[in-house]
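The chain that follows stands alone, in the form predicted on its own, written as structure tokens.
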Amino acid sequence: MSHIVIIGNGVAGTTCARHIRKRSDADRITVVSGETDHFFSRTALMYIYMGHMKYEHTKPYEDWFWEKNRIELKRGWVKDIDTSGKKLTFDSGEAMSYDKLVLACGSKPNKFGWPGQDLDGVQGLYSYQDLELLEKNTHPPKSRNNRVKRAVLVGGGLIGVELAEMLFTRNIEVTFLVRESKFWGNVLPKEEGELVSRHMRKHHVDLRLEEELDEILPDEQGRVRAVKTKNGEEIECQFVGLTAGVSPNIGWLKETGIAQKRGILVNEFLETNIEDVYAIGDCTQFETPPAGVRPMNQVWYTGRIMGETLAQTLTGNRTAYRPGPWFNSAKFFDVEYQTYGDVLARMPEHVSQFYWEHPDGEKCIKIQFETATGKFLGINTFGIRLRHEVFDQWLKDGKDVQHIVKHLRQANFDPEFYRSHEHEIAEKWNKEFPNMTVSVKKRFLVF
């Protein structure tokens, strides 16, 4: 019997454990986490803070599930890994042996050495412990003069949007510092970035584009009282959220001999440079990425697929990681965002694009395709929900862009009586690309 130890009980580690058990009755499986006793939905942390859910509502599996499936759970932080002796040491002094080790240790909020970044009232948001700290940092104290009235968020990404929405439920005003000229500038093209910026301002976010944090200033008690920007402005605040992205949680692995750069280096089989040591999820980086795979895969569904893939290898069927076409989804307050395939913020010369935006300024699509061949490369949508399975298949089949525009209705996820925009999209397409026209029938709503 082999003892498989998985460090990390997020979606990657938990999926791996579940699928090992599905394929093997013999292996002993232990999942280690210092964060929580059980797997929970990390994206639901914001709803706990906002009062919509309790922590127990975020656990996809009942507490009895683990014992029934003979998956042992160990609560504790791993301090050291002896890869030659195949032994873990916990910060409590306890030790645990393993035959095969899976590192699924996730991410941590970025810090870039700002003066004052470790003051009271300054934090990121990723873990359950971060949520507990957020409650402490933003809970109004008895003295009204010390109440948290304004927060400054640093960095233009999805976590920052979630944190802004959370803080508004406590009547805390939000100033957002974004160093790029548009929101989420390293991911979103110009038009989509501008749409998000307008939407955030509509929700009363004080959005400061092309503005950078220089220093976080303390009060007499060592708590944040203000931030200073690169332009020299001082903004009074009682809380600072560091939301300039996340990075692999691998600092504690430096002395283990496990190869790493930005993340733990793995091959296409999710194997590290150490025999019987593997890595999956946010903490990984592909040394030589397989065709069509990004070096870093830090979204929920890639963690799940990595867990499923590695479970195959650990139970005797060595399997390469092949996640298929890229996709992601999120919400910017009440506007949904989806992306399928590759839509680049900085478009190469060999790529063309098409953009349509609804007059309300809160719905749009962006399609990118190869100029020479018309091959469809990817699509962004805001405010229009599309079917993942349809775009996944179109990307796998290598469909051309005319097929996409003509058949958009097939991918429309919205219920029957929602307004459909495929006809307007096709009309704009035909005007901009008269050599690649499509015909789309107008749909009328009947009540």
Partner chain sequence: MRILQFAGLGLFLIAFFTFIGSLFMGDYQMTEAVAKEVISDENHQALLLPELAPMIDKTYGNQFAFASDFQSTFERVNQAFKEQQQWDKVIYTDYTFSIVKASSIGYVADHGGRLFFLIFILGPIGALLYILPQLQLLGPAGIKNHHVFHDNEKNRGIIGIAIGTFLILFYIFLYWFEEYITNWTLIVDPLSMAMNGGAASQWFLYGFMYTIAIIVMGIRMLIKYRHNNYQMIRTGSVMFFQTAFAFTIPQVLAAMSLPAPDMKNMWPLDYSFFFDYRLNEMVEAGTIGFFMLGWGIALFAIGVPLFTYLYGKRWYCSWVCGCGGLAETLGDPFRQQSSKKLSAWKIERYLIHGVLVFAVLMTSAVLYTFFTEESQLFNIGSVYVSSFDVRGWYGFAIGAAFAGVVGTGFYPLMGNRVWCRFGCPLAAYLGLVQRFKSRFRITTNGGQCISCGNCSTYCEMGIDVRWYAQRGQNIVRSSCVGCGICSAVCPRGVLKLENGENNDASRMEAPAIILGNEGVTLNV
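Not measured: the values here are computed from a predicted model. Positions refer to the first chain, counted from 1.
Note that the form predicted in complex with its partner chain isn't included here; everything after this is about it.
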Position in contact with its partner chain when the complex is considered in the model of the complex, options V148, A330, L119, I258, heavy atoms within 4.5 Å: A330
Heavy atom within 4.5 Å of its partner chain in the model of the complex - residue from W184, F176, Y321, F376: Y321
For the interface check, one of 306-314, 70-78, 184-192, 214-222 should have non-hydrogen atoms within 4.5 Å of its partner chain in the model of the complex; which one? 306-314
Is T58 near its partner chain? Define near as a heavy atom within 4.5 Å, in the model of the complex. yes
Would K228 sit within 4.5 Å of its partner chain in the model of the complex, counting heavy atoms only? no
Look up in the model of the complex whether D37 has a non-hydrogen atom within 4.5 angstroms of its partner chain, and give yes or no. no
Exercise: D392 in contact with its partner chain in the model of the complex, heavy atom 4.5 Å: yes
Does every residue of R262, H403 and H423 put a non-hydrogen atom within 4.5 angstroms of its partner chain in the model of the complex? no
Sequence order please: the residues of 39-71 with a heavy atom within 4.5 Å of its partner chain in the model of the complex. S41, T43, A44, Y47, I48, Y49, M50, G51, H52, M53, K54, H57, T58, K59, P60, Y61, E62, W64, F65
